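First, one chain by itself in C-alpha cells, the form predicted on its own.
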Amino acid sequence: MKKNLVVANFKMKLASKTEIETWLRNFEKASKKFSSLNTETVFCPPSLFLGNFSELIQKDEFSLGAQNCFWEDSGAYTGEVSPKMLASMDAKYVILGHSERRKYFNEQDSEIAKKVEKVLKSRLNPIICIGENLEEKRQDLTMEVVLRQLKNILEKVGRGNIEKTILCYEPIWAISANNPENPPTSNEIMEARLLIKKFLVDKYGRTTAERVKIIYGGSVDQNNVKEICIDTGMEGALVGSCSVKPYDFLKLVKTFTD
C-alpha cells in the first residue's frame, strides 16, 4: 500500500538538547494511543540530535530523516555530514534542495543532483524540494522553473531509483519564514502536482510514475493541511514551524490518517 508521508523539518528551531528532550516527552505523551497504517511520519532534527529519536522510531509508523547531507561518504570535508553517517544513525530519508539551502548557501541544481545520486547509492530516500520564488511567480514562470529543476536534478536518476524518491513542491514564497500573505490556492497546487506527474510519466512511464510520492511544503499547519494537501491530491506534507509544536503536529498527521 502506498502510504502518505508527513515530514517534520525542525530546522534549527529546537536548538538545544533540553528543547529536543522536552519535545520528545510531549510528543510521546500525545501519541501514546496513536497508530496509522496509511501514513508514515518522518522526523528530521538537526543531525547532532538524530540519536535522541532512537526510541521513538521503534514504532513502525515513525522514521528518521536528515535536513541535508554531502555528496561524498568520507574524506577531508570539514563540517559535512555524509549519507553513510546518516544511514549508520538509522536515518531513512534526507531532505535535499530545500529553499533555505538554495537561499542561504547558494545551492544549485547541479549540486543537489550530486547529493541525490549519492543518497540513492547509500539506499536512503531523497525528499527533493522544487519550487519558484516570489519574483518567478510574479513573472508567471512557475511551470518553467519547476520543469527546469526536475530535469536538472533527476537527469541521472533511472527507473529503478525514481520510485525511492519523494518530490516536494515547495513554492519558496509560501514558506512561513518568508511571511507569506497567503498560501498558494488549491488550483495553483494542483497545477504544480499535475505538471510534476506529467514529467514523471513522460520520463519514466505511467506505471513507474504512479509509484512516486508527490508532497507539498510551505506554511502547512493543522488548520490548513486538508485544504492545501489532501484536497489537492498531495500524498503528504513537508512541515516546518508546526513541527515544533508536538500536539499541533500530531493533529496535522492525524488529518492524513482519518
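This structure is a prediction, so every number in the text was calculated from the model and none was measured. Residues carry their position along the shown sequence, with the first being 1.
Beyond what is shown, the protein has a form predicted in complex with 2-phosphoglycolic acid (PGA); the following relates to that form.
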36 to 44, 58 to 66, 214 to 222, 190 to 198: which one contacts 2-phosphoglycolic acid (PGA) in the model of the complex at 4.5 Å, heavy atom to heavy atom? 214 to 222
Partner contact for residue 236 in the model of the complex: 2-phosphoglycolic acid (PGA), 4.5 angstroms, heavy atom: no
Though only this chain appears here, would residue 98 touch 2-phosphoglycolic acid (PGA) in the model of the complex if you measure heavy atom gaps against 4.5 Å? yes
Do residue 174 and 2-phosphoglycolic acid (PGA) come within 4.5 Å of each other in the model of the complex, heavy atoms counted? yes
Interface membership of residue 132, 2-phosphoglycolic acid (PGA) in the model of the complex, 4.5 Å heavy atom rule: no
